[in-house]
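In structure tokens, one chain follows: the form predicted on its own.
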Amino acid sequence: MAFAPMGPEASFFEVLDQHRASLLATLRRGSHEPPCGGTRPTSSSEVLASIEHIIQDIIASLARNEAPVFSVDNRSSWENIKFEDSVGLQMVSHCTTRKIKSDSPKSVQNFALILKILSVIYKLVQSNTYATKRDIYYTDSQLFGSQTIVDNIINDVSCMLKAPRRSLHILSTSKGLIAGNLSFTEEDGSRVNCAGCSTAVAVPSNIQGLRNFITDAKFLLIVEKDATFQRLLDDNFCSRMSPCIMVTGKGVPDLNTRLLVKKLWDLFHLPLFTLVDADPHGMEIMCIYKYGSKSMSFEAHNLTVPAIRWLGLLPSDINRLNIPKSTLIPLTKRDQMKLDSILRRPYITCQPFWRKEMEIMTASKMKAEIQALTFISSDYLSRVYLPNKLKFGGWI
């Protein structure tokens, strides 16, 4: 199946094609290296055996009149994180752990909640059924207290069992959207075509079950905010720049949006770009797509795409385009703390152009939303800014 050409002439994509050739050459140079480990799909029997082993250890502790203890990898410490250019942030193999004791007033509730989640997972895997994190929360909302607590414990259990969430039969509710020159088959056999839709397609909740992907896209654009994504749809950006794909995680991306971006990279090795606000929060979101996060570093190989480039909005663009100060927003103390935190991260040493952009932001003490470009004209983003960036290689 081929998509009908609707966008610019082939010469428009010359720099993009060169960028893709460079990405492919880098991949070929690294092909002699052994494949990275990562969190592989775990069979149901392995998950059940792991949980049974944990329960046996608890029984053995009780038989010795000892209080059972869970040892959980400390996902919140930078000491347990290493950085690799080809993967991003990943958890070291021998990391420090924290003890969750059954006889400590501080941790006894967490101990009980982990046991509860393990019980739920065991039943799901054994019966070959699936549940969302929200479903699990509502099995005993009073016990869990909040959805955030459930989410954190599921991540701890996933890390403890060394199994991705899908192998635990736990699904995440998707919030992301996708549009453009892409089609695929869902797990139930239905065919989804994202091309030619005036509205976007919701990112499916089971990325692992998708198959038969087809695209002739020249690039994939990751948009930080839903409002910007919808504006680009309204401006027919996907048709103007066809063939292309556009994705949004509606802010901080959910797991399924990240899995989809990673899957599209692995299958097609398209140039990937981010369009985020010129502020520390936008940069943080870009970093999550590109290099991952501390909390999910144990699953980095399945989630990160270091080939992603920063297309905009760059702090240097604010001066270059003469965006008036009245449309900018002063950096808050929290913004500056976030910026300082990003500057200390290990991947900044290999991103000198990022550092320069952050120094511009720090010096100006101002940040800008993508919407600041509407000062020039209402469709400047889709008509001029993005096409010029893509045509002339305006990414870092």
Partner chain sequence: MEGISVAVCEILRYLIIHWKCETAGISKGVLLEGQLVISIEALNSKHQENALHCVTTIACASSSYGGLVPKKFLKEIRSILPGLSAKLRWTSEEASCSPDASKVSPFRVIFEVDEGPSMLMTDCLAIKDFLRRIIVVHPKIGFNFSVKVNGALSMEIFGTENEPIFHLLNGSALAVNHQHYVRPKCGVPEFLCSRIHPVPGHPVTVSIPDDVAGMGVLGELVLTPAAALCPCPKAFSNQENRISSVSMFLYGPSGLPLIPPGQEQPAAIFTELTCVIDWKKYHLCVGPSVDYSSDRDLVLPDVSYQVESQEGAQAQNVDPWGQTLLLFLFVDFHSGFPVQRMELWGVHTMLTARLGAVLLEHQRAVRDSVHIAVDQALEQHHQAAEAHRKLRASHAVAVSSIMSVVSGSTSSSFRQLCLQALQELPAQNDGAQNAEDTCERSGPERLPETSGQAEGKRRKRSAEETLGFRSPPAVSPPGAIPRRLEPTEASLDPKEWEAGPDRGRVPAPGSASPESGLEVPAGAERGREVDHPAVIKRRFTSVLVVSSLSPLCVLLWRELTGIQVRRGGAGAAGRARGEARGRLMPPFLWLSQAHPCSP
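Numbering follows the first chain given and starts at 1. Predicted, not measured: the structure shown is a model, and the values here were computed from it.
One more form of this protein, predicted in complex with its partner chain, exists but is not displayed; see below.
When its partner chain is considered in the predicted bound form, only one residue from D140, D235, D216, E186 comes within 4.5 Å through any heavy atom, namely D140. With the partner omitted here, the residue from I342, I51, M358, M366 that has a non-hydrogen atom within 4.5 angstroms of its partner chain in the predicted bound form is I51. Annotated contacts: V192, L210 and L264 are all free of its partner chain in the predicted bound form [non-hydrogen atom within 4.5 angstroms]. The stretch among 227-235, 103-111, 146-154, 322-330 whose residues place heavy atoms within 4.5 Å of its partner chain in the predicted bound form is 103-111. Residue contact check for A67: one or more of its heavy atoms lie within 4.5 Å of its partner chain in the predicted bound form. Although the partner is absent from this view, L313 stays clear of its partner chain in the predicted bound form, with no non-hydrogen atom inside 4.5 angstroms. Using a 4.5 angstroms threshold between heavy atoms, K123 counts as touching its partner chain in the predicted bound form. Among residues of the shown chain, S71 is not one whose heavy atoms approach its partner chain to within 4.5 Å in the predicted bound form.
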